[in-house]
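Below, in structure tokens: the form predicted alone, a single chain.
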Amino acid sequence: MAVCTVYTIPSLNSTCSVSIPTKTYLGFHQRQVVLFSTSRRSSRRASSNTSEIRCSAEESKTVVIGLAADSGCGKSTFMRRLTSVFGGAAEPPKGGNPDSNTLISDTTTVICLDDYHSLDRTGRKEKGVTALDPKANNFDLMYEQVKALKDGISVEKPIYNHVSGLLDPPELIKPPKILVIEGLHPMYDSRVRDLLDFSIYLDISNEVKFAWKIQRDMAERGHSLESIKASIEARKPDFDAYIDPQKQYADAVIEVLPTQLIPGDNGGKVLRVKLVMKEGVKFFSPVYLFDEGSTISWIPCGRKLTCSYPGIKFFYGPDTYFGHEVSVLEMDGQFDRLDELIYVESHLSNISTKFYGEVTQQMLKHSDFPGSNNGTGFFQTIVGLKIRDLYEQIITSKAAAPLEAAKA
């Protein structure tokens, strides 16, 4: 069987079927580069001078991003910021299950890894396990389907219904340009981890997580303070054992901590947020403040940035994280006026924007999103822009590879 490799920059699903003479061809098509070779072989359907071959996207064009975090730690907000960077609204599959967890835009498909629960809510209760426990999840199927999508193959993905707690019939997922797998375990299984082109971990400190959960579950869901505490304590052993260790594998970590600007404040309203960026990641260059590799503390409040109490403080510098060299960008405090954020943006480098002020524009566009006045929204937006840049570099690199091989 002759081999055909198709490199398609905007479209990832191109296939073809052709009959050609024995030669090597380098063909250029609109928005597509096709490199293939054939060998002369006899066939009932072909003459001795031709070969029938099938062409498919043998090399992956789907870029896979992994996002790990505990429940209620901002994954959904981050996904909305990320898909917005690529343009187009992310919506559930049209005409499908209204309880689908999948979000699809022109460029991205976001899959919730809860869909790979092997036990429904009743089954977990009967076996005495939480959803965080690997025994309640089907990692073999997760790996097989993520790999298939990365290889350009559609899958019938299961659906975990968060309303009923049951496993619903599967839905068809086609290979997107960018596949985001978000949930509790994107980096737990080494096979799945190896499929990721980039990985992020949202690391919310216990103090902030507790404050957020009280705000959400008491105000929005009517839960009592006692039940919230009990829920957190029940999940903590499994979180510590199975979820938290995944951050050592992440290429970027957004760490959310109580502020240091107000001594003893754990209310979760004013936050200190750290963006930990691993050095040496292919197609990813860490963001820096003023001077790359230096250690800098910066208080920008003044005439160009309106800051009410307790103000804003930035820090940037090198560090180590689980034995890896990293760069750390930190923001403590919150913005009063998002339009003035461009002053801070102008002092950052390697933020992968397409034009001056793009970070500020994105923040203003989603000013109603949680975290838009502090480092959570700011750093999520920056990471989204970095992922866009990473995707473009990967696609450009793959498109160039056959040309370089042909030259050689």
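Start at 1 with the first residue shown and count on from there. Predicted model only: the values in this text are computed from it and were never measured.
If you look for the form predicted together with a small molecule, you will not find it shown, but the lines that follow are about it.
Residue contact with the small molecule in the predicted complex: K247 places no heavy atom within 4.5 Å of it. By the criterion of a heavy atom within 4.5 Å, D114 is counted among the residues contacting the small molecule in the predicted complex.
Contact annotation for F335: none of its heavy atoms lies within 4.5 Å of the small molecule in the predicted complex. Contact between H324 and the small molecule in the predicted complex is not found at the 4.5 Å heavy atom cutoff.
For the options K174, R124, R193, K236, the one in contact with the small molecule in the predicted complex, meaning a heavy atom within 4.5 Å, is R124.
Among the residues K229, H162, K135, K282, the one placing a heavy atom within 4.5 Å of the small molecule in the predicted complex is H162. The candidate spot formed by S199, A252 and I387 lies out of contact with the small molecule in the predicted complex, as no residue has a heavy atom within 4.5 Å of it. Comparing 124 to 132, 257 to 265, 85 to 93, 288 to 296 against the small molecule in the predicted complex, the single stretch with non-hydrogen atoms within 4.5 angstroms of it is 124 to 132.
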